[in-house]
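The chain below stands alone, shown as structure tokens; this is the form predicted alone.
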Amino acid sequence: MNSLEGKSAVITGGASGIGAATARAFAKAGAKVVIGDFQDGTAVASEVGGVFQKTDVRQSDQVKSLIDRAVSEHGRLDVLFNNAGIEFHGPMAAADDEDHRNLIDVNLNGVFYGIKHGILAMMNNTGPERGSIISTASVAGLVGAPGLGSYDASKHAVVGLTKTAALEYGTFGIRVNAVCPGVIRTPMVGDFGASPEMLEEIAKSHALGRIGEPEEVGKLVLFLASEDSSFITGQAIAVDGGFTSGPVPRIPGM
């Protein structure tokens, strides 16, 4: 199940959080992993027996270079996980224009460059299943979230890119999907000063009553990367503990 034996995989944003957890899952499933990140990912790459290349996903040529590295190292690209992303909070009218542009550059343009260069590399593969591309969207790509206007816009756009790329390249044997995590225990959550009390309140908005772990997202990405999901494409799949199911009811006595 979920085998990636001998497959060549690229992960952006692989130095920590969901990316690092997915790198471990990929390696355990037999994949040869190339990690790209703006932060230092050598420790994770060493742990999974892969390689690391510093990558700024805002730069198309750097994303292409990362994918070229996988092709030169392993002869092909089978799996691409566009996971690099950033976030900031605040009402839209008070947002700094440069912060907005930077977020769109990373979260949207970085995914666009990944899909573009990933497809070009996968088109050189042969066989009915040429490759699988997965991108990290968010529950904020499925619903609105006050204080996250720029982030919401970028993640809704990732879902749109995913569906369109799936339609354009499905007949070429390339599948394109997105994962939409709820609140996950990653460095990004800590970076915004979420206290234990705040996390407890956030957990209550998930039907399961807790926030998620990076490994739980990694398992879904692994499934979508593998041929076990061979008839799944163009989907934005929530891994959110029920967050997008609706408000969690407060039932007296329960």
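These numbers were taken from a predicted model, which means no experiment stands behind them. Numbering starts at 1 and runs along the sequence shown.
Below: the form predicted together with a small molecule, not depicted.
Residue contact with the small molecule in the predicted bound form: G131 places no heavy atom within 4.5 Å of it. Although the partner is absent here, A27 is not a contact residue: none of its heavy atoms lies within 4.5 angstroms of the small molecule in the predicted bound form.
The closest heavy atom approach of V106 to the small molecule in the predicted bound form falls within 4.5 Å. When the small molecule is considered in the predicted bound form, D68 lies well away from it, no heavy atom lying within 4.5 Å.
The stretch from 136 to 144, 116 to 124, 162 to 170, 91 to 99 that comes within 4.5 Å of the small molecule in the predicted bound form, counting heavy atoms only, is 136 to 144. Here the marked residues G50, N177 and V221 all miss the small molecule in the predicted bound form; none has a heavy atom within 4.5 angstroms.
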